[in-house]
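As a starting point, one isolated chain is supplied in structure tokens, in the form predicted alone.
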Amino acid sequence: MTTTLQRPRKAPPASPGPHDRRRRARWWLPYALLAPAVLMELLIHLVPMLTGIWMSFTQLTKFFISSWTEAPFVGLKNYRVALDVHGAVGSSLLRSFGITCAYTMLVVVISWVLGMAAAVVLQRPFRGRSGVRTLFLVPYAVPMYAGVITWNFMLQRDTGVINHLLVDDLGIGSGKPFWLIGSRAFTSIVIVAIWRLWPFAFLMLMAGLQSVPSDVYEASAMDGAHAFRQWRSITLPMLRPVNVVLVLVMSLWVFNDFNTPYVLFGTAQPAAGDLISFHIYNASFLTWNFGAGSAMSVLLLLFLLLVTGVYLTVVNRRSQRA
């Protein structure tokens, strides 16, 4: 007697339910939600950037403002003029670039050190800690223009609070120095920029320290590790992802800073405070040579892209080695 084995029949595919049909009918919804953001990104960033790149290849001066699309094409002339360090335009741009590099280095390093010190000190709970945190964040919360204008009044020669405190009250120096002109202008803008930026570093580092378990510090203390050893062996490695992003963001912000010198010095910017963003503004809107200003902007963009790429490459390689 033979038995015939029959394969089980596959069940027919279930018909899509009403929920699945509604979901398939709304396939366009994610694209519709993203469309406004993509459109605004194109209008606000991409289109002006492409327009600026096109302007850098033209001789767009005050004679062609009314018909700027008809400005003559000059190729790489604006770039050659900007990169000619022996010419007046190129040498002044190079000097401004050097001042901006020094300005960025000082502001970012000092702001990071102050932010790290404040975050570490305020990591352990004590009475009144929330009030101190709020006080430290006041410079970051104050509107930028209001804060820099206040510093402008404070740094005035005859009526400023800084000279009154240093010269009249503390007796430092024989005369009231000029803080907004001459060689001291660089010191002034660095101080103002640090005052504005270090609370941001403090906020980011303080948030990063919240993820570090306190048990690690307690165990290291029991092993005899002092405060500096704990900071070097525990805090810094734990905050490495935060520091990678923080240093990059602060460097880009400070290097492109335009508002601080513009509000602090006005249009009469001293040579010691000739930051490159304001230098490009003067080359464009004071001399009415928008082609040359656009070429300088493109060169600045390429430099920042190069620095960012090198920085991220080095950081990623070190992460892989670790």
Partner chain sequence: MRVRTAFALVAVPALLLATSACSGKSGSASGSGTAGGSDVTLTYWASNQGTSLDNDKEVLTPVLDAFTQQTGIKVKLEVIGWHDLQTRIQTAVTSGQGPDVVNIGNTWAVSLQATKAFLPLDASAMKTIGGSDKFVKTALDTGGAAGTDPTSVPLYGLAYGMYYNKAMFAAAGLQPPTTWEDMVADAKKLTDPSKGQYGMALAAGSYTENNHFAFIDAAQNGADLFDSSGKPTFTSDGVVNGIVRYLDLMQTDKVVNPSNAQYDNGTKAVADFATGKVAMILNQNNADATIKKNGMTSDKYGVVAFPAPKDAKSQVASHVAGINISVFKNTKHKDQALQFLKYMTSADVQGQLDKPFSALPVLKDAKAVFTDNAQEAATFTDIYNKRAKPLPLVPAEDQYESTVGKAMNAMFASIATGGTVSAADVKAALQTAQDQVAASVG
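Rigid core: the largest C-alpha set superposing within 1.5 Å between the two forms. These numbers come from a predicted model, not from an experiment. Positions refer to the first chain, counted from 1.
What comes next is about the form predicted in complex with the partner chain, which does not appear here.
Participant: Tell me which stretch of 123 to 131, 231 to 239, 104 to 112, 151 to 159 has a heavy atom within 4.5 angstroms of the partner chain in the model of the complex.
Facilitator: Result for this chain: 151 to 159.
Participant: Does any part of Pro72 reach within 4.5 Å of the partner chain in the model of the complex? Heavy atoms only, please.
Facilitator: Judged by the heavy-atom cut-off of 4.5 Å, Pro72 is well away from the partner chain in the model of the complex.
Participant: My question is simply whether Pro213 lines the interface with the partner chain in the model of the complex - judged by any non-hydrogen atom within 4.5 Å.
Facilitator: Residue-level check for Pro213: no, no contact with the partner chain.
Participant: Even though the partner isn't displayed, in the model of the complex is Thr58 close enough to the partner chain, meaning a heavy atom within 4.5 Å?
Facilitator: Residue-level check for Thr58: no, no contact with the partner chain.
Participant: Indicate whether the partner chain has at least one heavy atom within 4.5 Å of a heavy atom of His45 in the model of the complex.
Facilitator: Contact check for His45: yes, within 4.5 Å of the partner chain in the model of the complex.
Participant: Looking at the partner chain in the model of the complex, is some heavy atom of each of Ile65, Asn289 and Leu312 within 4.5 Å of it?
Facilitator: Each of the three qualifies.
Participant: With the partner chain left out of view, choose which of Tyr217, Phe178, Phe186, Tyr79 has a non-hydrogen atom within 4.5 angstroms of it in the model of the complex.
Facilitator: The option sitting close enough to the partner is Phe178.
Participant: Taking only heavy atoms into account, state which residues of 289 to 310 are within 4.5 Å of the partner chain in the model of the complex, ordered by sequence.
Facilitator: Those in contact are Asn289, Phe290, Ser297, Leu301, Leu304, Leu305, Thr308, Gly309.
Participant: Aligning on the rigid core, do we see the C-alpha of Glu70 shift 2 angstroms or more between this form and the one not shown?
Facilitator: Glu70: C-alpha displaced by less than 2 Å between this form and the one not shown.
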